[in-house]
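Encoded as structure tokens, the following chain is the form predicted on its own, with no partner shown.
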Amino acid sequence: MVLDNGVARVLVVGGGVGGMSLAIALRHAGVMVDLIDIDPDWKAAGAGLTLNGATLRALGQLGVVDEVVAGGHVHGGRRIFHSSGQLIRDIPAYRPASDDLHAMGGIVRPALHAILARRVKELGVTVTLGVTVERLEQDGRGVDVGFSTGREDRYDLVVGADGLLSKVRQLVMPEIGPPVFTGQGCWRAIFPRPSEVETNWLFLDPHRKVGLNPISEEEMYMFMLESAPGNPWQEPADWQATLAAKMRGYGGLVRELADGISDTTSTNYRPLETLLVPPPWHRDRVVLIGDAVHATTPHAGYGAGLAIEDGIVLTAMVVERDSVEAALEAYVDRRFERCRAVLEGSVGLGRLEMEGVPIEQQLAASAKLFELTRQPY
């Protein structure tokens, strides 16, 4: 199928959540898609993934939300504790309707990856692994691509969905600087889920935050946000022991979980880095989506959701506009302010945590951020 603006064939660079979501949306519109990923095993890194209501809405537009609900855990309500374990606020757990934007959810990253990858293949996307782009040359009518394998090809549009350290961004926007460290680090781990953890549990004091989020009937995902002055290296071989020691500074269930950490506990640590590329997000017929242009922090559980929305909106603009230039300009017009607001709100909440402002002030900022995510995109 050739669209009215001449787009018939698109290359998506990056097979993560954003790239796969874009490929699915484009195939629903009848566009031929090639997707490449540098990882020859095409596996999902990390532990659990929080899904807010807006992300669930976007997954519904892709037609995969039922599989995500079945493979993960969707819930409403929230329990908030002091870091000592004392209950501060209790919003009773409930199972929300599919269109409830106040819903929350969780899923292990490999499960979400498998759901999207299966749909990508079902829709006939050509997937090539263990390869990236080395050269992008444009002539106004298309993009000539040189691949790391030596192969060359030509596309009507190239999309960089290749993450925070995007190779596509380096090729077409070399003036953009590196991501910026926020001052915080994030620990993540997966634990067996006690039956009483039916919704999100947060453990807070002015300087620290731990969250527990169900990701299936059997498991839950834990995150710990902490100040990390100087961005010290955390040796992967020591992750479990280091995290257990930090968790013993909490009370309640967090303290109990610390004693259950072993060498086999799925654990991961990442310094939090952000990036916001100013408009435009494209150079002629090469355009960026997701973390390649707006990498945010996990405070709203929305990094994946923003990338999914990017793919949906970019597809809609490519289908609706009568030229590629108009489509890409419309995409950025629709996305920039929303992504900027979420990123700045998330980073701002992290700053409040690092400054140790009162818990109620942090909760108010969090509520404001979540209301922003529920606005139409």
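For clarity, every value in this text was computed on a predicted model and none was experimentally measured. Start at 1 and count along the sequence shown; that's the residue number.
Just so it is clear, the following notes concern the form predicted together with a small molecule, a form of the same protein that is not shown.
In terms of contact with the small molecule in the predicted bound form, the residue from 49, 328, 54, 26 that brings a heavy atom within 4.5 Å is 49. A heavy atom within 4.5 Å of the small molecule in the predicted bound form is found for exactly one of 307, 104, 212, 287: 307. The closest non-hydrogen atom of residue 270 lies within 4.5 Å of the small molecule in the predicted bound form. The shortest heavy atom separation between residue 301 and the small molecule in the predicted bound form is within 4.5 Å. Interface membership of residue 67, defined by any non-hydrogen atom within 4.5 Å of the small molecule in the predicted bound form, is ruled out. With a 4.5 Å cutoff on heavy atoms, residue 316 does not count as touching the small molecule in the predicted bound form; it lies far away. Remark: all three candidate residues (18, 39 and 161) come within 4.5 Å of the small molecule in the predicted bound form, counting heavy atoms only. The partner is not drawn, yet in the predicted bound form one stretch among 161-169, 197-205, 136-144, 228-236 has residues with heavy atoms inside 4.5 Å of the small molecule: 161-169.
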